[in-house]
Every structure is written in C-alpha cells, then in structure tokens.
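Here we start with a single chain on its own, the form predicted alone, put down as structure tokens.
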Amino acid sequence: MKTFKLLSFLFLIGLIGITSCKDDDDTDPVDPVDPNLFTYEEATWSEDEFITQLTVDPNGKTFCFGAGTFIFTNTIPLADISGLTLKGAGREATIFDFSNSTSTSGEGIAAIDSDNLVFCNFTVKNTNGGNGITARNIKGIRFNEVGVEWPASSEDNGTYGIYPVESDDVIVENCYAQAAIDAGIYSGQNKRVILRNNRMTLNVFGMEVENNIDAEVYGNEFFENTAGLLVYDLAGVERIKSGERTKIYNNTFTNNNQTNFAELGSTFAADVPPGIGMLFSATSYIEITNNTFVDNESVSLLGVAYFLVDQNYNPLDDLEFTFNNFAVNIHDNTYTKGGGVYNQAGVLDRPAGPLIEIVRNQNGGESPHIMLDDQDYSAAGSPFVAADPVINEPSNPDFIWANFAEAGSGVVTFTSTDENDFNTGDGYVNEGFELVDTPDECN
C-alpha cells in the first residue's frame, strides 16, 4: 500500500511539472478547444499552417510553441494586430531558426502598426543579414526571456538583435543578445522604455538607447562586446528630435574589449574602437549611478558632444537638436581596470581609435576610467558651450576632462584631470515615469 501511494504521489508531481500552453485551471479533458490558443510542436511543425492561422485573425490570440527547433523559410509578419502573444517553452528550449530563410529583408520577426504585443520564452537564431526582431510603431510591447543570436562575429549578421523603434511603452527584460553588427538591443525614438535584466555579449554595442524620452536601463550585464552601452541622440530623425530623461543604474560593464567586426563606414557603430564601457552623446537629463565598470581598457565611461559623432554636422541646421550634453549627473559608480587587454590593434583599426590613443599617450600611457568632453566647440566653428556635468564619485576614478574641438586634426587639450573641479552638489535625478499602454505579462 505504501508503494502504491508513493507511486501515485510521484505521478501527480510529474503532471504538475509538465509545461503546457493550457490555462492552469484547464483540467477537464472534455472542455472545448480554446479558439484563442494555437499550439505547435516540433514533430508536427508546419510553417504554412502557422502563417495561415497567424494571418486569418490574430487579434487576441496566443501562439504557443513547445520545446524544439522550428525552421522558418521566411520572415514572421505581424501588422495591424491588437493583443497578440508569441511564446515558447523557454529561451533555451524553443528555437526559431532562420538559417534557410529566403526573406528579402532577412528579418526574423517584423511587427508594425500594432498594440499590446508580447514575445516571450524563445530564441531567434541565424537570420540572414536582417534584424532578429523588428517592432515599429507599437503601442505597448514586451520582450521577456527572448534571445537573438548569431553563432559568431560576422559582417553577414543582422544589424540589430531586438529592435523596437518609434514606439511607446516598451519593455525589454530578461533577454539575451549575441553578435549583432550594430547593437544587440536597440531602442530608437521610443517613449517610456524599460530595459532591465538583459545580457549582451559579442555585439559591437551591447545596447543602444537612441532619441528616447523617459527610459530606464538597469540590472543589465554588458560583457565582451566592442562597447557596452550607447545613449545618444541621432540628428535628422523626425519622431523625437532630442531625447531626454534617461536613468542608467545597477548595470555591470565587464571586459568590453572585443574587436569591432562591423564593415568600416557602414554605421556609426562601425567607427567605434573597442574597450569602451559606456558612451553618451548629445543627450539631456541623464543620470548614471550605481553601475560597476570592470576591465573596459580604453575608457569605462565616455561622454562627448555630437561633433565627435559627426564632425561635419552643423548645429545651426536644426536648433531643436541637442548638440551637447545637458544636465548630466554621474555619481556612486565603481571602476576597475587592468584585468582585461588594451586592444591596440582593434583601436587603431577604427576611425575614432586615434582619439583614444592620443588621450592615452598624453596620459602617460594609461587609459582613464572617465573621459568627458568639455563641449566647447567654438574653435571648430560651432558657437555652443554646454554646462558642466555634476560628478560625485567616492571611488576616485582616473579622470580626464578634455577639449576635443580640434580632435580631427589630432589635437586634444586636457582641461582637467581632477573630478573635484566639477560640481559636486545636487544634480539631475530621474524620478521615473508611468507606462500608459502597459503591455500584458507573459502568461
């Protein structure tokens, strides 16, 4: 009798542990099939059947994939949809493989003009030159436990892994991005953005936050990229001319010293030398706090005006664009270096690399922890001088404040090497924001 009870108990525990696409309370085998739920298994997988079900009436539907590898020969198209969930059995368990895709865009998933989209618990692999997941003009989108991967660094990889743009109320959490040519995770021209607890490696930039309004970047791991994080405003875009109110906190930036593998001249990211933890440029109301920078051997934290991004840019062309950085508050971060390798060959291979070398040579052969542009570009014909940042770093990092107005001619003038020359009072503090179109959880 005891043996029978034990076997019954173990059988019950086994049932509880089985992953299912059914609702938790859906235990009656005679219940009708949920018309809003479609399930797919590797053994019976049909891409044609999935696309048919996806395009008939996808509003309010959940498309649930079991464990295994699902082969796609084209991009997954999502347009004009409200309330769709695309989910797998786990980021490492469910693989969407696009190695054999003949899509003209090369993208894995392409979503546009929709609201309340949820992507969770799967990985997109091996798109042929296109982004892993593109989402444009979405009101409320959540990526949770989503991966985008290419197996190795290559110019043939996609530009971006996870790429939400021109959207509102964006959440990217617990995701993984590997080997994107530009950025593993890219948030562009979005309003109200949360980027948290993600891991990025072997990309050119691990993550980029471009022309965003109200963004929080926290709990992320940036390791072994060319550079970790870029927060900047790009000139010439329409939806958001100048981004503002970004908080970067509780992130780790470790050993981002990998050689840049993007094709020279293809993007701004292709110009960036290795060894940078975080770079910010031409943005406003930014708070950088409680981050840990470890072994980023060119510079842990670099802040420059837009002139160094595009030396041909004329600020008078668009007075709505933020040329300099304003209201920057850097405090309570920690910095260490020396455990990684200064990738000199990789640095000198990139257009912006000589600037790193010039500063390093003028600093006795040492790379600083923090290097900031004094933002006086009058010598370069730009009559704009920005306010100094507020800096309060108890860790006493190596610090360089320099004039880069003539950097294009190889001239860099150190203004200060002492952070105590700066304001150490109260700086801008990001008070947070509330989402408007909050995307659903992954259920």
Partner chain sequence: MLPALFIKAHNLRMMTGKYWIVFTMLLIISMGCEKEDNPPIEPVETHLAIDLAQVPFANLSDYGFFKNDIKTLTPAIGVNPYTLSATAFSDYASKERFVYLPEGTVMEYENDFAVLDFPVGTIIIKNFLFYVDERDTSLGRTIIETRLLVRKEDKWKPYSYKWNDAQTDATRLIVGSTVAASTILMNGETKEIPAYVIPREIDCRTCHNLNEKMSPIGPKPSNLNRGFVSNPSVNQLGHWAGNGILSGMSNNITTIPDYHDETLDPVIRGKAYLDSNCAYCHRQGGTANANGLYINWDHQGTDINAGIYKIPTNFNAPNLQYDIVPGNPDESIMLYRMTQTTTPAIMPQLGRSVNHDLGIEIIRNYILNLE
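Everything quoted here is computed from the prediction, not taken from an experiment. Residue numbers count along the first chain shown, from 1.
A second form of this protein, the form predicted in complex with the partner chain, is not displayed here; the remarks below concern that form.
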Original post:
Though only this chain appears here, would residue 74 touch the partner chain in the model of the complex if you measure heavy atom gaps against 4.5 Å?
Top reply: yes
Subject >> Residue contact check: residue 163 to the partner chain in the model of the complex, 4.5 Å heavy atom >> reply: yes
Original post:
Are any of the heavy atoms in residue 262 no more than 4.5 Å from a heavy atom of the partner chain in the model of the complex?
Top reply: yes
Original post:
Any chance residue 380 has a heavy atom within 4.5 Å of the partner chain in the model of the complex?
Top reply: no
Original post:
Of these, 357, 92, 113, 97, which has a heavy atom no more than 4.5 Å from the partner chain in the model of the complex?
Top reply: 113
Subject >> Option touching the partner chain, based on a heavy atom within 4.5 Å in the model of the complex, out of 363, 334, 105, 250 >> reply: 105
**OP:** Go through 123 to 131, 142 to 150, 223 to 231, 274 to 282 and give me the stretch that gets within 4.5 Å of the partner chain in the model of the complex, heavy atoms only.
**Re:** 123 to 131
**OP:** Establish, in the model of the complex, whether 189, 238 and 270 all lie within 4.5 Å of the partner chain, using non-hydrogen atoms for the distance.
**Re:** yes
Original post:
Within 48 to 77, which residues come within 4.5 Å of the partner chain in the model of the complex, counting heavy atoms only?
Top reply: 48, 51, 52, 54, 55, 74, 75, 77
